[in-house]
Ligand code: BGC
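Next comes just one chain, in structure tokens: the form predicted on its own.
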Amino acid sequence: MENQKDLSQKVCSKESESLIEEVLSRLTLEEKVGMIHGDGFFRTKAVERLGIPSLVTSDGPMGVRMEFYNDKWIPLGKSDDYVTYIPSNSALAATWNPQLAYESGKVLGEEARGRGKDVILAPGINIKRDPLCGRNFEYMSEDPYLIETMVVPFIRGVQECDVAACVKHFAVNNQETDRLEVDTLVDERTLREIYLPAFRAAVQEGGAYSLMNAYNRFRGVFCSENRELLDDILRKEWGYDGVVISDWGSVHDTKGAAECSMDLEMSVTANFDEYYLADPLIKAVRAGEVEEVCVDEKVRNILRMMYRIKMLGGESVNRKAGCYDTPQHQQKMLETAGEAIVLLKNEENILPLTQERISLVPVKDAEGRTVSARRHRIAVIGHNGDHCHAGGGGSAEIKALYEVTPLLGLKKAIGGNVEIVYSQGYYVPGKKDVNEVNWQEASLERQIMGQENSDSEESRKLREEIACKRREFLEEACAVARNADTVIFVGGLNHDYDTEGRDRADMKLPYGQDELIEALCDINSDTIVVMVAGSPVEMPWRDRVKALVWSYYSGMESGSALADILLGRVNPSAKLPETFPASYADTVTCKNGEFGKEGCVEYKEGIFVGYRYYEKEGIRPAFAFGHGLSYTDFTLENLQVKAENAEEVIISLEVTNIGKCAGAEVVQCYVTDCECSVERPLKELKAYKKVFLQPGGRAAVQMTLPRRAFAFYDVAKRDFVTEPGEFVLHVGNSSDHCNLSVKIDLTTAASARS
């Protein structure tokens, strides 16, 4: 037997590659293999004789997931795994605030560490290629640059807490339909310009200690065994020396997984020793079918990560303890949610609902004398007004310590001098229990997303029952609205629609909400509409609505933050991180038919994703990328540009708050290549800055554009290049509102590595 104390002393004295090699040399083949596959749903085997602990992971897109039994998808059911519910990545991206990304990452890292986790499976950074993708709520944006600037500080925040961030899902993972098998075909330029930049930034700039491969195939090969992605690009080109973890159940072949740069196999079944990188791998090595050096490289990467997060070595005694459910975390989530809620419309200054607007209403007698006062009556209508979202969405589900709904948030903030009456408004059918099987337990089975036979008698009766209930709910809501001074509708989606494992069938609002909103507008033309959802929806009534607010799933304090926005205590400053098309028919994926297919999906639109496509085709969306209003007004002026050297361009301008309240503006800079040897978008986001100003305040804003901001991927040269010539810099506060521009001439051709 090895002397564990002796080895521990050596480990504590030096953390280096040589020490990793020493540890590696003492491991048996069985011990090494035990470290590279799950020995539980969220942990690996420990090597106790050498003091190597089990590596413990947890899902975490919106907080650290609940505790399960080691070998059963059954929650332990104790009270010690309630956590802080953090805003979804979509909500975080809507803040356009990298500092908040860092602070949210730090909260997540502290909570993961406080729960005893070593790896938190977050953030998700796949491109929002199509608005119907079921996991879009977990992702940040349709734009690679915005994702880059948010994911890097997020990772740094997590990993400051001695926890490894696990960035996912690598790569081109953009639909849930047939997610376990679908083959994605993407041309090289599109891959490099749209789908890989955020991952490159995550590992090269963010220093992510781990990364998760995707379920899907890429160019015919599963991502878990894909040498082009994992060996050529990730390891050799980007120089990555961290850990690649399989998505749960994404490995399909022992030899293929063993011989590529995927380090740790995890899955959803309890036959841990039968995993591809378990006993079958030991047999393959013994038989000479797989070289043991392949196993060594995986263990080497895992040990390196363990040292980095202070699981091993001399610094392990100083590993941070973390914490969770602290008042400081809750306050930070409130601040983040306040910057994540987007004001889409505000005609006639319907918002905010100032104290004057909702004050007590005098009751007078026949002679005009005030004899009493009645409370201003606000009708909150809509299922999402009193619905909690933390417990759904697939692996994003958590046990939130609490969640403030919009109804609760408003009641807490307004107090007793205003009467708030709630009506559910639309009927949401309950879920059916099917043998109490956990969704994750069956997640590797082929799922058919079709509806029940619409011709069956049972389905017909169910539809009639639902229609009857919806009519009753609508009539009740209308009656409440008629007796209210102010009407606030809170609707949108929920995690029946925004969820892992399936895509939406269309962009329409479910549960008959469109009819209800139209009816409420007939009753009160000043009806305020709040949408809570993780993905865009069609809003055929949007021209009738004067005030429209959008809230992604914004965490445990989302209701409090929404109340602050509606009441004017917080000035909205969020911007859309994605385009909201007027209808699904306007999307490029709808037109080319290359989304939601089984078997194979070809990204025929190439680089023209999101606003790049709408601008190219002259299609006006419902709300543009980068759009978001404020209760104050800003001016942008005095745009100047200078190129100090061949490697960067510096732009400067002045921003002034000309309104009556403090607020923040997001100054956005887009680049146009005037003439190029390849087709390029009309403009692309390449810089932005969020500026907070008091009324009358003025700030000088400076943004630096590196050479790569002007580059495109040259397939022949297999590199990013910047061609000489003229470029236009557009500056404004959304992609469709850039009222400042300046032309520059880049006369020196140079390579700009991305």
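Remember, predicted model here, so these are calculated numbers, not experimental data. We number the residues from 1 along the sequence you see.
Below, we refer to the form predicted in complex with the named molecule, which is not included among the displayed structures.
In terms of contact with the named molecule in the predicted complex, the residue from 179, 117, 329, 612 that brings a heavy atom within 4.5 Å is 179.
Between the options 150, 281, 257, 212, the residue in contact with the named molecule in the predicted complex by a heavy atom within 4.5 angstroms is 212. Taking non-hydrogen atoms only, residue 440 approaches the named molecule to within 4.5 angstroms in the predicted complex. Residue 169 belongs to the set of residues with a heavy atom inside 4.5 Å of the named molecule in the predicted complex. Taking non-hydrogen atoms only, residue 500 approaches the named molecule to within 4.5 angstroms in the predicted complex. Shown alone here, residue 184 lies farther than 4.5 Å from the named molecule in the predicted complex, counting heavy atoms only. Of the candidate stretches 702 to 710, 59 to 67, 723 to 731, 31 to 39, only 59 to 67 contains residues with a heavy atom within 4.5 Å of the named molecule in the predicted complex. Although the named molecule is not shown here, in the predicted complex the stretch 524 to 542 places no heavy atom of any residue within 4.5 Å of it.
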